[in-house]
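Taking the form predicted alone, here's one chain by itself in structure tokens.
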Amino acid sequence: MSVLVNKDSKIIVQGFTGSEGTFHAGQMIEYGTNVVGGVTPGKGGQKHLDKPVFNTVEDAVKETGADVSIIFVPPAFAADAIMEAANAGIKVIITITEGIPVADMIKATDYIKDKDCRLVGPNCPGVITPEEAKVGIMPGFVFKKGKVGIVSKSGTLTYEAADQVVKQGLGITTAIGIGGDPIIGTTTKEAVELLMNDDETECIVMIGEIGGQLEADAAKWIKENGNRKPVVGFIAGETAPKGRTMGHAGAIVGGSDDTAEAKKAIMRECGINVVDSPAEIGKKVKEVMG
């Protein structure tokens, strides 16, 4: 069992022949991910990285049976790419693109909400189930298979947490980078819920940051559902000044509830093992897993 992606996932790449799509699809294929083709309008019928190129997602799904898509389409066209994937029956849509206009994302999330699919991202590093499928831009070599699930708004902290967990002699079931934009398809709570319901995951690392309510919502859900598995938490942005966006579009302190301190307090109240430095994540995971 894993969540979202595994060795049986059939993956297409939207924005396949562009520079980002080409580079990362190459890395994914090298990792052993089952990439079955890609989409670049106007280039259908060509081969790229030894895989077929299609004009539309619909064509790609028809020909390959693809059920997962990863999107490297430029910001102006990315929301359209999300809607196209949902419309073609793709089940998991992983959007890497950063800088998609908020108005576009409002339209896209509204469009896909009654479709049978899950959006991850945008502005995220993707999802990896180690030794099975890497659908994203994360460095694959950092991740080893194991029993710890990771949910993170930050890309680099995802890799850092995975590296520490592996150095403690443990490993990862699935790591989900949910993205740093104000509007994202899969919230912290939803990602945590997927891992809570996954038989192989025994411990969850939840990494958040200043801004928004996602971590507080997840913490409350964890408590209401009886803290079934130990959760280790970290919130980035302790020293961030109020009212300034810190890197991610969604990382901005608006009020007293979305500071790092406030979020950590809520998480602790809900029974989460909160660490104050990302350097302590691995040690804490080892400790709570006994």
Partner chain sequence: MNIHEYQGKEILSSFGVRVQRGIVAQDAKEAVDAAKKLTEQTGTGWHVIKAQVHAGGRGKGGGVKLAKNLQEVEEIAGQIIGMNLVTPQTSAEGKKVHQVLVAEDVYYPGDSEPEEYYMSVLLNRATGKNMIMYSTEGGMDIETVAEQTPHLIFNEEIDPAVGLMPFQARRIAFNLGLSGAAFKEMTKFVMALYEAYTKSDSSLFEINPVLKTSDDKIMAVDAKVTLDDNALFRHKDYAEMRDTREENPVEVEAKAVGLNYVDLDGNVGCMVNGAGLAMATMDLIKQAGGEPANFLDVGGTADAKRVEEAFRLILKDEKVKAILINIFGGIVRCDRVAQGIVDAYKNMGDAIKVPIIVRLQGTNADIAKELIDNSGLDVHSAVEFQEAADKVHEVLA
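Residue numbers count along the first chain shown, from 1. This one's a predicted model, so the numbers in the text were calculated from it and none came from an experiment.
Not pictured, yet referred to below: the form predicted together with its partner chain.
- In the predicted complex, its partner chain sits within 4.5 Å of a heavy atom belonging to residue 137.
- Contact check for residue 56: every heavy atom lies farther than 4.5 Å from its partner chain in the predicted complex.
- Interface membership of residue 157, defined by any non-hydrogen atom within 4.5 Å of its partner chain in the predicted complex, is confirmed.
- Mapping the unseen interface onto this chain, residue 36 falls outside it, with no heavy atom inside 4.5 Å of its partner chain in the predicted complex.
- Residues of just one listed stretch (224-232, 65-73, 45-53, 241-249) have heavy atoms within 4.5 Å of its partner chain in the predicted complex: 241-249.
- In terms of contact with its partner chain in the predicted complex, the residue from 90, 96, 150, 210 that brings a heavy atom within 4.5 Å is 210.
- Applying a 4.5 Å heavy atom cutoff to its partner chain in the predicted complex picks out 99, 100, 101, 102, 103, 104, 106, 110 from 84-113, in order along the sequence.
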